[in-house]
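Structure 1 and structure 2 below are the same protein chain in two forms, each given by itself as structure tokens.
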Structure 1
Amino acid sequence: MPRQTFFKLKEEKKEAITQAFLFEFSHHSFEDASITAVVKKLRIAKGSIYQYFEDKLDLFLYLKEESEQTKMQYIMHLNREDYSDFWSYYRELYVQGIKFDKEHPLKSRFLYHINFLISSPAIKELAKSWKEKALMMMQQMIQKEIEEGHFRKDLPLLSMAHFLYTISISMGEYMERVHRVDVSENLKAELPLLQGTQESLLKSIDDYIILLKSSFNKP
């Protein structure tokens, strides 16, 4: 977590530092992301960054937490009980994700780029723990649907969770291949990742849901 000296900065300075490093980590590997390059653009002393953060990893984790908290604001109000079935709820999570991407493109690009940083020695073990946490959340959601009689119960819970997790994170690749959505170009152009592609994305989700229903729903 940032040191207290960072939290005592004026909001505009904190925002400038946050935005600058979100951009840097969105376009480079963890190792290649340069604190020196960023502080030159900000016209601040490099040493001041280490008054605000313990090290480069501490800074990176702060950016991740800030981005995830912003995204959570778009989905935390969603309640499964308000939807007729799990898949209507699942679809709405993506609808809100599109809205987050449009309104906070830099944070969205940062979170997307994390998927390409998991082999970094500095965050490899952390990435494993992030995946385990996501799988645990998937298991809890699936278990509830099983208990309420909506999902089948003849398959191992972990297998079902891993399958849904894998499908969910592969959505971007599916869109690029099938619906010609150029996420990479949007990233380079500093646009929202899903710029101009909402219809394609929702079509992808709807196609996936048809397949997922046949796999998960109780016969």
Structure 2
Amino acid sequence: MPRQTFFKLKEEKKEAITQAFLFEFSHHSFEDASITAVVKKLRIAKGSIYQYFEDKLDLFLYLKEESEQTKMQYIMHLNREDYSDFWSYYRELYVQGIKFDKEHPLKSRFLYHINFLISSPAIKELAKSWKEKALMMMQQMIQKEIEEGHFRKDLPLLSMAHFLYTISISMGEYMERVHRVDVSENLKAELPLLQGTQESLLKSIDDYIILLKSSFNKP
């Protein structure tokens, strides 16, 4: 947890610090992300950072927590029950995700990047447990659909969960590719990562969903 000092900072400074580190941690492994480099760019003393945070990990976890909470505000209100089928619910998650990306590109990128930090020794175990948790949630969702007779039930739950999880993560990358976006450039300019029109972005999602639907739905 960040120290009290950090929370007492005026919003402007807190924001600047957060943004700068989100950027740094979105471009390097945990180990390679350089506090020294960021404070230099921010033009504040390195000591200050250690008035705000316990250590590098504390800082990192704050960014994660913060980004996740922001994203939560976009998707929290969505309920499976309000949709007649799973895929329209799933689609809506991405619609909100695109909105989140538009309004918080740095946080969006950071959260995406986190998924590929398995090889950072310092957070390997943590990353593993996060993934475990995400997979469990997927399993529960799928289980429910099976029970209600929407999804096939001839395959192991874990297999379907892993499949869906993998594809869900890769969706962002696919959209980048389709729209030939230079994510890095957009990040620097603080533009949304995904530059396509709303409808062309949704088209990408729909294509993916068609594939997923064919896999998961009962024949």
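Here, residue number means position along structure 1's sequence, counting from 1. What you are looking at is a predicted structure, and each value in this text was computed from that prediction instead of being measured. Rigid core here is just the name for the largest C-alpha set that superposes within 1.5 Å across the two forms.
- As for origin, structure 1 is the form predicted on its own and structure 2 is not.
- Rotation of the smaller rigid part against the larger between structures 1 and 2, from C-alpha superpositions: 14 degrees.
- Core-aligned Cα shift between structures 1 and 2 at Ile44: this is 4.6 Å.
- Once the core is aligned between structures 1 and 2, the alpha carbon position of Ser29 differs by 2.8 Å; this is the C-alpha shift at that site.
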